[in-house]
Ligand code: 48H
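A single chain, nothing else alongside it, follows as structure tokens in the form predicted alone.
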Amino acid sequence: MAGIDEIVISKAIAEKYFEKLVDSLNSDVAIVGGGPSGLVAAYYLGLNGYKTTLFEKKLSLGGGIWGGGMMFNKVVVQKEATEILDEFNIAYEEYDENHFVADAVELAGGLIHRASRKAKIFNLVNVEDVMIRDGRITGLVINYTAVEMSNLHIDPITVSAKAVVDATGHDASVCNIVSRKTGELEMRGEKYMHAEAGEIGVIDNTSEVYPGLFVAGMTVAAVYGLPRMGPIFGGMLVSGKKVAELIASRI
């Protein structure tokens, strides 16, 4: 342990962080939200060679996975999503022919681990606005979450991207910004609980909702007025993979 220096430690953190930040100011894809759909999208986009950056508002990633259902840290996925769990090397067990159970902590940790190998990830970063040129999303306006929480008047910085994914879940934060500032995106609002309809609807409606802006996961429900589905996560995973495929076909 000899030779450790506090200033060297600080310099290493600062230099490598800002090296990552500067490199991420121009990306192919910027994903907002580090829940299941955002993490899966980041993995598949990065895997296919797209320069991908993910911004998460909170300290930890994983979205609603960690708490399972009512703090019972098990989650359910349907059969169609098990191939994604296999891809991420996440264990699961069959409950019946339609329902498979995974450990919430392993699922969150596995998604974060694999996504972080394929994309640049920034936590504690809030997206407060978007950039639009000629009717198309061209990037994001970001600031630190602590600035928002402290209600400080500190100007943000901007990052550019060829495509943006709103994977912020129930908040649909990027879509709400676009809706409010352009008047060109209708937000129908998330509906009541209906797990099967919600799962099918989220996958089917994963799409580009404004030029350059794509939605995945529960954001889809907020935009299209779909039911919520609770602690079943297969639709979130499949939606993340689908949005990556959509973007790959268009940029």
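A residue's number is simply how far along the shown sequence it sits, counting from 1. Since the model is a prediction, treat every value here as computed from it, not as a measurement.
Keep in mind that the form predicted in complex with this ligand is not shown, yet the notes after this line are about it.
J.: Within a 4.5 Å heavy atom cut-off, is Gly201 in contact with this ligand in the predicted complex?
T.: No, no contact at 4.5 Å.
J.: Decide whether Arg136 counts as a contact residue for this ligand in the predicted complex under a heavy atom distance cut-off of 4.5 Å.
T.: Residue-level check for Arg136: no, no contact with this ligand.
J.: With the cut-off set at 4.5 Å between non-hydrogen atoms, does Phe55 touch this ligand in the predicted complex?
T.: Phe55: contacts this ligand in the predicted complex.
J.: Is Ala167 part of the interface with this ligand in the predicted complex - any heavy atom within 4.5 Å?
T.: Flag for Ala167 set to yes.
J.: Just to confirm the contact call: exactly one of 150-158, 83-91, 126-134, 102-110 touches this ligand in the predicted complex at a 4.5 Å heavy atom cutoff, so which is it?
T.: Selected range: 126-134.
J.: Using a 4.5 Å heavy atom cutoff, which residues in 225-248 contact this ligand in the predicted complex? It's fine if the answer is none.
T.: In sequence order, Arg228, Met229, Gly230, Ile232, Phe233, Met236 come within 4.5 Å of the partner.
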